[in-house]
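Coming up is one lone chain in structure tokens, specifically the form predicted alone.
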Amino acid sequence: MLAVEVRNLHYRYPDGTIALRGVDLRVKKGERVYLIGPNGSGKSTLLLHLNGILKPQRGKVVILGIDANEENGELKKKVGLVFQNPDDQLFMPTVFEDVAFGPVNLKLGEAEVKKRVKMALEMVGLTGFENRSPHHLSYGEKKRIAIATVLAMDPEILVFDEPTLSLDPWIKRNFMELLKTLGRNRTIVISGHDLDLMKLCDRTYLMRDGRIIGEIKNRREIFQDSKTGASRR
């Protein structure tokens, strides 16, 4: 079964900016896929379609058999999206309240909420941070808490927008180890510019000008493409 199926997806923002120009993408259950490309290539816009934040204007998005144009909130339960900037995801007074926000809105009982918060913080290595203010944490810690808010929802698909952006080298190394752990038994879609992330993924696709140009097998192909500007379609 496919976890993600995107067919001929187009999207134009209200200001007239064309972000997607006929994107096709298929991701199998349990697969890890990396979308790499320059700023403005449409990566973030594509990811926002995967959990229903944006709706297809033309084309089709099907997630775990659910048509994104017809669903009524189920996608947000099945797809956990970690934003590029963790400050866009953290808005509660304490870490506990931020991580508990999703489970509480799922109408889970108090014991189950506490269990999920504990599990999520353990997974990101921040046990004991429950009473800390998210706004007083380091950038790397905020990134981990943002992931914990998604893990507490126990989604089947994890989506990361630029997960290693602005991380110091040693924090990035720890973060990549975390991504390896999260990849077990989950479907993962990642966007970014970081070539090192290719090593964590089963397949890598190059995006440019609102399109997926083609699959990338090694780093050399990216540099060749950027020099020649050749289309892979």
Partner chain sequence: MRHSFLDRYSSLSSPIHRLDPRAKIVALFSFLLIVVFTPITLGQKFALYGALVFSLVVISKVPVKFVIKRSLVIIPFVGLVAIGLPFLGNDGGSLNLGVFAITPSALLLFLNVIVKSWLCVVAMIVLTSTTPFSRLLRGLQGLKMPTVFVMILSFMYRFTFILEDELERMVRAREARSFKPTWLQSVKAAGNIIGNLLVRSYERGERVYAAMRSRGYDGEIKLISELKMNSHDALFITIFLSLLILILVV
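As the structure is a prediction and not an experimental result, all values here were calculated from the model. Positions refer to the first chain, counted from 1.
The same protein also has a form predicted in complex with the partner chain, omitted here; what follows describes it.
> Taking 4.5 Å between heavy atoms as the contact cutoff, choose which of Thr45, Thr164, Asn51, Thr187 touches the partner chain in the predicted bound form.
Checking each option against the partner chain in the predicted bound form, the one that comes within 4.5 Å is Asn51.
> Indicate whether the candidate residues Arg7, Ile36 and Val62 are all in contact with the partner chain in the predicted bound form, with contact defined as any heavy atom within 4.5 Å.
Zero of three within 4.5 Å in the predicted bound form.
> Whether Asp87 contacts the partner chain in the predicted bound form should be assessed with a 4.5 Å heavy atom distance threshold; does it?
Looking in the predicted bound form, residue contacts with the partner chain include Asp87, since a heavy atom lies within 4.5 Å.
> With the cut-off set at 4.5 Å between non-hydrogen atoms, does Glu110 touch the partner chain in the predicted bound form?
Yes, contact at 4.5 Å.
> If you check in the predicted bound form, is Phe129 within 4.5 Å of the partner chain, heavy atoms only?
So Phe129 does not count as contacting the partner chain.
> Can you tell me whether Lys115 touches the partner chain? I mean in the predicted bound form, with a 4.5 angstroms heavy atom cut-off.
It does not: once the partner chain is placed as it appears in the predicted bound form, Lys115 has no heavy atom within 4.5 Å of it.
> Out of 73-104, which residues reach within 4.5 Å of the partner chain in the predicted bound form, heavy atoms considered?
Result: Lys76, Leu81, Phe83, Asn85, Asp87, Asp88, Gln89, Leu90, Phe91, Met92, Pro93, Thr94, Phe96, Glu97, Asp98, Phe101, Gly102, Val104.
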